[in-house]
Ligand SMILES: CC(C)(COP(=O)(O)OP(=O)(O)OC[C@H]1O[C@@H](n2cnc3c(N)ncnc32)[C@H](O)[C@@H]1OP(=O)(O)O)[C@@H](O)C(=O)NCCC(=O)NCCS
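Before any questions on how it binds or moves, here is one chain, the form predicted on its own, in structure tokens.
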């Protein structure tokens, strides 16, 4: 995993152009590559918070396959991930999400990490569970039924 680079805009454009990828996100597709590039070039979470979402790349080829990471959102740290469809079900989301939780707890000393998913997004819920996040509550997110999961940092209570 690595921080986003200016050349990642094209990857974000193609990732967000797949309706299946966006189905459970509440996000919309970028209008064009310029809009995706603008998003990447204005991404300020690393500077503001010292962490953020990270590009997930294959070790052997450095191919961008998606993103995963932590985001400060309304005083809570949210675990999020999104991958190209051809990489679904191969363990990349779970592996990278677990690494993000571990990094958040051990290096960043975050006290609690949450994960949100629409109820219909069974695959993302499974990833949250594999990362030891525990169901907290049902709620409505962007007008749709969703679930909130969380995990507390036992080492930094």
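Quick caveat, the model's predicted, so the values are computed rather than measured. Positions refer to the first chain, counted from 1.
Although it is not shown, the form predicted together with the ligand is what the next lines describe.
Only one of 117, 56, 36, 101 gets a heavy atom within 4.5 Å of the ligand in the model of the complex. Which one? Only one option qualifies, and that one is 117.
If contact means a heavy atom within 4.5 Å, which one of 36 to 44, 91 to 99, 56 to 64, 106 to 114 is the stretch that engages the ligand in the model of the complex? Single hit among the candidates: 91 to 99.
Is residue 123 one of the residues lying within 4.5 Å of the ligand in the model of the complex, judged by heavy atom distances? Flag for residue 123 set to yes.
Any chance residue 21 has a heavy atom within 4.5 Å of the ligand in the model of the complex? Residue 21 belongs to the contact set for the ligand.
In the model of the complex, is there a heavy atom of the ligand that lies within 4.5 Å of any heavy atom of residue 127, even though the partner is absent here? Output for residue 127 is yes: heavy atoms within 4.5 Å of the ligand.
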